[in-house]
Ligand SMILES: Cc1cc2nc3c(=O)[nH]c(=O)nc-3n(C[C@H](O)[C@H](O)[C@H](O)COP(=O)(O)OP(=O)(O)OC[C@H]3O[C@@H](n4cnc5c(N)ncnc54)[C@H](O)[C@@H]3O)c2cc1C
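There is one chain below, alone, in structure tokens, taken in the form predicted alone.
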Amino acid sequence: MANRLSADGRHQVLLLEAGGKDWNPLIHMPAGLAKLVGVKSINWSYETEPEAELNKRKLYWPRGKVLGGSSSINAMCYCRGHRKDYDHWRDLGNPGWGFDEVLPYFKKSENNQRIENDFHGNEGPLSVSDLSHTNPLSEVFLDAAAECGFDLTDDFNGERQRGFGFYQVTQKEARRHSTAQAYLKPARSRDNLTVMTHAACEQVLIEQGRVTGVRVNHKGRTIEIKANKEVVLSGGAINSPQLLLLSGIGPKEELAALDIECQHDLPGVGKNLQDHLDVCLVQRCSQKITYDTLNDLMVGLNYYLFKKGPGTSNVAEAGGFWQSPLATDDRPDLQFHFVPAMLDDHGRNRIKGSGYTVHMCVLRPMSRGQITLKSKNPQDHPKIEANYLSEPHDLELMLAGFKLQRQILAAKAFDPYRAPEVFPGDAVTSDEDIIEFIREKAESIYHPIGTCKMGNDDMAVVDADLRVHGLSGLRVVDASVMPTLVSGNTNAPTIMMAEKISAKMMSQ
């Protein structure tokens, strides 16, 4: 948004970032993501409330608190979802959001280093490339998928999403290409663009139904900043609804309970929360070829000296999209990521030895949660209730997907490498025991959306141009406006939305 809105020099643009600059070298080294998950200086480090269907566990929700947001700490997988996801948005009452209408903005953002066809762009700011290094086990995973009868593909974002293959990644010359690097860095020298870091928005200022600016905590000092044209919130599915609620924009009764004066009664703020719930099947490896056995120092030296080797990997190198036996249409309803290392608790629990992991998530869950305030103190994290598996169909899909995980790892291609299963373990075979494993081990795969959804129903927060209903001068442009989850990772679709709305704003 900051890049596109400042491009022609007509407008003064101020970008406010609650975190700091993206100076940490682990951000830019792709494999450094494994070390970033617990770095609190660049991570909001949220937790959900105890999840009733997940044995009352609090789930960890890392989100980027740094220039580039979560694109500075994610696994860099470039996935758009299925074309029917966007046609569904359009059919929900959001004109202009069908796949044929959003495809030009995907292409506008993209500079694909390999693929040249009608589905891809090759001149955009965001570099999308094949991985320059992959572990041999990632190829074994694809051989196993083919052995099980699954299709293979070299493009999840082409004419057909379904299949298994290597992910393309948001990397440029073996470095992470976050939105900060792809969009903000080239624009920083513009006289009409100002970037303030360590500047946390605490309130949207409203005068007679118009948003006139924001109140900001900048390095411990409270200041008010006025906007002559518009304020655009891009805080994501957690921060954007939190800021609206703190500003008195939201359900009147909830605000009154916290003694917050209701400036604009908008019942959908914070509702409709959706996320991809993920479960990891972890298998030991009989050969020391996984990333578990690497020497971190040697990996780092090889990367920083030559930009080669495992340091260039996004770790989640291969994967796939497939229909479960319960699929209701021709869209894949399951996504897989293969990691040639043992992964537990977001990588925070290091397991000794060597092994590999298959992630699996349900792409379009029916369960819905909410974001609400714990207090009216802007520094307090909001209350996150994801309500995972509150709809029984989601659990049925998780069970079906787990059986596909095991089917792939049992294929002959893995025979030379397979050792005993770590999670859930070879003794877990019944549906009841697998379900208990899912309840005990499933985690977020970091795709929260929906809490400021676009639409025209009573629970919609923004219209099809992402303007907040009932207020002038305020838009929300981030994953919170998605009415339903896309069938894949959410980074590329969020960038697309910013391209689309910034073009709309500049045409006005």
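Not measured: the values here are computed from a predicted model. Numbering starts at 1 and runs along the sequence shown.
The same protein also has a form predicted in complex with the named molecule, omitted here; what follows describes it.
Note on the interface: of 58-66, 22-30, 463-471, 435-443, the segment with non-hydrogen atoms within 4.5 angstroms of the named molecule in the predicted complex is 58-66. Contact with the named molecule in the predicted complex, defined as a heavy atom within 4.5 Å, holds for exactly one of Ala237, Ala318, Leu363, Leu397, namely Ala237. Interface residue remark: Ala200 is counted as part of the site for the named molecule in the predicted complex, having a heavy atom within 4.5 Å. Contact between Glu17 and the named molecule in the predicted complex is found at the 4.5 Å heavy atom cutoff. The shortest heavy atom separation between Ile73 and the named molecule in the predicted complex is within 4.5 Å. Using a 4.5 angstroms threshold between heavy atoms, Cys77 counts as touching the named molecule in the predicted complex. For the partner-free chain shown, Asp478, Ala479, Asn489, Thr490, Asn491, Ala492, Thr494 of 460-496 come within 4.5 angstroms of the named molecule in the predicted complex, judged by any non-hydrogen atom.
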